[in-house]
Each structure stands twice: as C-alpha cells, then as structure tokens.
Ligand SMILES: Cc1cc2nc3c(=O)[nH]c(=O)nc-3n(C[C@H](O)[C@H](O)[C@H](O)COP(=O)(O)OP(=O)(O)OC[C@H]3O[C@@H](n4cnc5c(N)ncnc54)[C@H](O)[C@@H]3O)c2cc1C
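In structure tokens, one chain follows: the form predicted alone.
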C-alpha cells in the first residue's frame, strides 16, 4: 500500500483579482491553497471596467472555471469625438469589455469558501529551508511551501522583501464612474452603442465603453457605461487635497465612490462644461458617485525571495492605457502554475524560471506604459 503524498501548500496574501487568479491556477496545478485577505467579507470593485484580454481567458480555461464565455460586452469600433461631439474618426477594432465585479465573482466562486480567510492582516514572513510561515496581526501563523504576495501596489509582502520600494506618482489621476445605460437618452445610446469612445484633449483624455450590469447582465438596456477621465493633478498638496475624503482622512492611492468631497466632484463637473464633449458630459452628470485613483508607476528588481514571490500589482504597476494590469496578473498566475506543475519534483527551478520570464514581461510592460501615458498626458520627464 502506497503512502499518500501531501499536496504542496500555497499561502496567497491578497484576495483581489491577482490573488484569486493565483489561487485558482495553483489549485488546478495540484496545490493546496488558502487565500488571506485583510478586508472582512467580499471586496467591492467599484464597478470598474476591464478589457477582456486573452491572458485572462487562458487563465480561466486553465483553472477549469465553467463560465464560457465570460460575461462581456463587445465593442466593434473605436470612435474619437471632438469637443463639440463630432465623430472625428471611426476605426474597426472589435474587442470585449467586462467588469471587475464579474471577474471577481467568478474567481471567488471557483474556490471553496473555507479556503477564503477574511480579516487576515498579514504582517511578516519567515523562511526555514523550503518552508515559509506567514504571520498575521491577530497573532495567528500559517505555514506552507510557497507564499504568494498578491496584495497590490502597497504590498506588505514587498515591504519586507524589498524595503523602501514604493509606487511613484505619475503626475495625473483617473476619475472613474459608471452609469446604467437605461438612464441615458435614447439618442446618446444609439450614437455610442457598440463603440469604445475617446476624446483626446490638451493634456487630458476621456474614454468610455459598455460593461455588464451590476448583476453581470449583457442584455441591451441592462448594461452600464464605464467612463474614465485622465487629468493632471500636481504632486504634494494638490494630490493630497483631492485624496482627502469626506471624513477628513487622506488616502495614498484612491478614494472609493461616495468618499470624494463634494467640492471636488463639483469642480470636475464644472471643468467638463468647457473640456468634455457633450456625450461625455452627459455620462459624468448621470454618475451618482464618481471616484478617483492616482496613477502610479512601480517596477521591482526582483519578484522572488526563495519561497516567497510577488505577483500582479505587488511587483509591477503598469499605466492603465493598454489595459494590461489584470492581464499581467493572469499571465503571472498562469505561468507560475504551469511551471510548478512541470517542475513538481524541482519547484525551486520552476520558481527561478518564472521570475526570469515575468521580470522581463513586467519591465517591458511598465516602460511602454510610461512612454504611452506621458505622451497622452503631455508630460516630459527630466
């Protein structure tokens, strides 16, 4: 009678998309996985839109997630509007858009509930040979064969692995919001339907596209328009003022819906009168609670410390213009799972190969994103 061989165990720190992608992929590769998230209960993705890239679909397929196709809204053309709302250019560019909430629900449902641990605030890790132990603020500790730091741009795992490495503000922010399409005038819905819409201004950029509704529906009339307005905001005082919420607390990266101060929302809508095309003004004015995110850059010189690794935004934060962030996390997770499955007898070899591949991809993505973003926003680096 053969003795049972224990499955290798992975501890995933961070329960957002990157962590859930890693957890689903590693389970499919034969790993025992637990996810630790500092927030209690399910996360809210603030309704943000996501372009449905091939890397995401491949990661879903590898993990055996049953949603085929993933709920998404197809756009056929890209159109560019003038400030007066005239269509300056129309180019065929079919693609599909989904939302953060849709992907999050599918990924979360793909894991056993008992493997999802909320209210677990990671503090530090220590390693002993081929084992790694994670420590949490409530005093508990968990040991495994691999620790995946998927805890975002302000990663606590990265703070221990690479002390002092923090995201750098890029000089502009993204205002975001979403509007149920049923709230929009019929003429506007007809004009923009099946389009990915842009308006390039002087040092600012507006864009909008359809995503599934809050319930994941892609039916006509039940979808949402997701919009983004990239605008310059000075570092230091101006950025801190914008990221100071209604409770008086200053955030480092973003303010969620309902937390942006009324005067800042009013200023945004006031600026839209002179800068935004009427179609975009209608979207902004119909948004119940816009939110704002600082655009940052992050490139890590390493992604691996023996049995501890950084994945997704914990390692690289690309500019959002190429819609690469979720796709990068999916590729990180898929590549990791495939190499660990191939190198089951020598996981350290697989991890070393993974780091080399994903470092190269991450640096390339970050550099091209900086060049594209600076060009769009009219920024010059010294």
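Residue numbers count along the first chain shown, from 1. Just so we're clear, the structure is a prediction, and the values are computed from it rather than from any experiment.
Below, we refer to the form predicted together with this ligand, which is not included among the displayed structures.
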*Might residue 122 be said to contact this ligand in the predicted complex, defining contact as any heavy atom within 4.5 Å?*
yes
*asked:* Would you classify residue 362 as touching this ligand in the predicted complex, given a 4.5 Å non-hydrogen atom cut-off?
replied: no
*Would residue 29 count as touching this ligand in the predicted complex under a 4.5 Å heavy atom rule?*
no
*Does residue 342 reach this ligand in the predicted complex if we count a contact as any heavy atom within 4.5 Å?*
no
*Of the options 216, 167, 152, 110, which one has a non-hydrogen atom that comes within 4.5 Å of this ligand in the predicted complex?*
152
*Among 272-280, 304-312, 159-167, 177-185, which stretch sits within 4.5 Å of this ligand in the predicted complex, heavy atoms only?*
304-312
*Taking this ligand in the predicted complex, which residues of 260-290 have any heavy atom within 4.5 Å of it?*
none
